[in-house]
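Single chain ahead, written as structure tokens, the form predicted on its own.
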């Protein structure tokens, strides 16, 4: 293999996970090559993301990793100079049913144990921060003011620019077509343009991660699931938090929306039943469902005009939790897959996690993340705040 171009790490995918991972690896002094099938960074799921970033999950590993991401994103402009549109508007999970109220309140102790600034607000407290919220039937909700939002595309490009400055190489329009192994070890990666030797291959290919893994005979329980989102015309500032309603409704299992700093309302729902596959054309079914849920939660938005809708894919796992870390069957093959539509908020934390794994300097929390989110787990638990 000595005649081949050689790298310490090759990353498959230049999206929300692969690009920040390249940044941290290159900053650590490792030689990094990112192979991307599309023409530039962030052109798959990243550009379809609506930009929410929260540490308020029900899974302790995601709490930790997303809290690390928030530390990075909230200070990015100060440290690196790029305006990624970070805004700490907070997240508000609202409860209109007793079971939802119980779920949210039961999670508070775990969330607070990780130092999250989150608490329960009664209905009047919710109205104080979201004046136009539907008050009829509102039981209250949780509010985490340090969660927020930023631009996924601007963030991905900022990581790309700084990763390149640190020495990482990016090859676009160059999908992985073959992976060379020997003696139970990753040895090389082949594209239509050439073959590259490496010590590590990180699978950060999003909704296409299972296809990459099939090349080495390691099945991944990751499937693409279609989700749609929309954006309205701009209006005067009305509220700051991302509002999340986890009640199931006909055609959807949850709904969430926020007001962008430009005044536009950005909204998304999780379809029920799930829509599997990589079909990314928006549909006529989404807007009536989403509009109904939006108006139920904030009737004042009834006459707002929708500018456009779009559709992207979430790489889904059976338990709604990602798959990170080593594989027992193949040394040097690392997974950063199945992020279930939360790659943007997980990206910086996962990039640091994988860098520390390769460097051999994991902290105790990172070791626990890798234990809990390994490929050979049972997949029987369930994320309660998907």
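Every value quoted in this text rests on a predicted model; they were computed, and no experiment measured them. Residue numbers count along the first chain shown, from 1.
Just so you know, the form predicted together with a small molecule exists too; it's not on screen, but the next bit is about it.
Student: May I ask you to state whether residue 351 is within 4.5 Å of the small molecule in the model of the complex, using heavy atom distances?
Tutor: Because no heavy atom of residue 351 falls inside 4.5 Å of the small molecule in the model of the complex, the answer is no.
Student: How about residue 38: is it within 4.5 Å of the small molecule in the model of the complex, going by heavy atoms?
Tutor: It does: once the small molecule is placed as it appears in the model of the complex, residue 38 has a heavy atom within 4.5 Å of it.
Student: Given that the partner is absent here, does residue 160 sit within 4.5 Å of the small molecule in the model of the complex, heavy atoms only?
Tutor: Contact check for residue 160: no, nothing within 4.5 Å of the small molecule in the model of the complex.
Student: Quick one: is residue 30 in contact with the small molecule in the model of the complex, heavy atoms, 4.5 Å cut-off?
Tutor: Contact check for residue 30: no, nothing within 4.5 Å of the small molecule in the model of the complex.
Student: Please determine, with the chain shown alone, which of 206-214, 99-107, 138-146, 81-89 has non-hydrogen atoms within 4.5 Å of the small molecule in the model of the complex.
Tutor: Among the listed stretches, the partner-contacting one is 206-214.
Student: Spell it out for me: taking the small molecule in the model of the complex, does every residue among 151, 257 and 263 have a heavy atom no farther than 4.5 Å from it?
Tutor: Not one of the three qualifies.
Student: If the cut-off is 4.5 angstroms on heavy atoms, which of these, 223, 293, 227, 199, is the one near the small molecule in the model of the complex?
Tutor: By the 4.5 Å criterion, the partner-contacting residue is 227.
Student: Considering 323, 334, 44, 26, which brings a non-hydrogen atom within 4.5 Å of the small molecule in the model of the complex?
Tutor: By the 4.5 Å criterion, the partner-contacting residue is 44.
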